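This document opens with one chain alone, in structure tokens, the form predicted alone.
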Amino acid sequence: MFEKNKTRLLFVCLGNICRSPLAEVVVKAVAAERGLDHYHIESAGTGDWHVGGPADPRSAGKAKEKGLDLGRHRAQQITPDNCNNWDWLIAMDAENRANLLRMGIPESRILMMRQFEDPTNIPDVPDPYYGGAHGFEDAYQMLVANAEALLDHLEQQS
């Protein structure tokens, strides 16, 4: 399942069809640009509603527009049974962070996607699911703006 000697990152949102798959492909692209090939990166949801399904068409469309591919994405769920497969879990918002903590994941292994921004900002990536297309563009911009800082932090941890 995982390659040895790779740091395993899991991006987490609620259903694994909007924010976390977009975060997965954005951070993969930034890591590749930086020559950081020692990461295994996936995404999952804390809920099971979409398990096995594709990314939301609006997320997939935004990724495609930006030269990224979500075509093979299949939603999966993070559970107490599989949470130890990951070195770092990166939550898209406070609700998903709380869900991870309730699963027993140590706080020391959980990061927030936007935690490296100005500390006066709320560190959530808002869920664009019930909004219009602008929400997916906003989410994409937040993910891109934070991918470098996230990878910088992770590089300092190794």
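When you see a residue number, it is the position in the sequence shown, counting from 1. None of these values were measured; they are calculated from a predicted model.
There is another form of this protein, the form predicted in complex with a small molecule, and it is not shown here; the text below is about that form.
Of the candidate stretches 108-116, 122-130, 61-69, 23-31, only 122-130 has residues with heavy atoms within 4.5 Å of the small molecule in the model of the complex. This chain is drawn without the small molecule; in the model of the complex, the residue among Leu10, Leu150, Leu143, Cys13 with a heavy atom within 4.5 Å of it is Cys13. Among residues of the shown chain, His40 is not one whose heavy atoms approach the small molecule to within 4.5 Å in the model of the complex.
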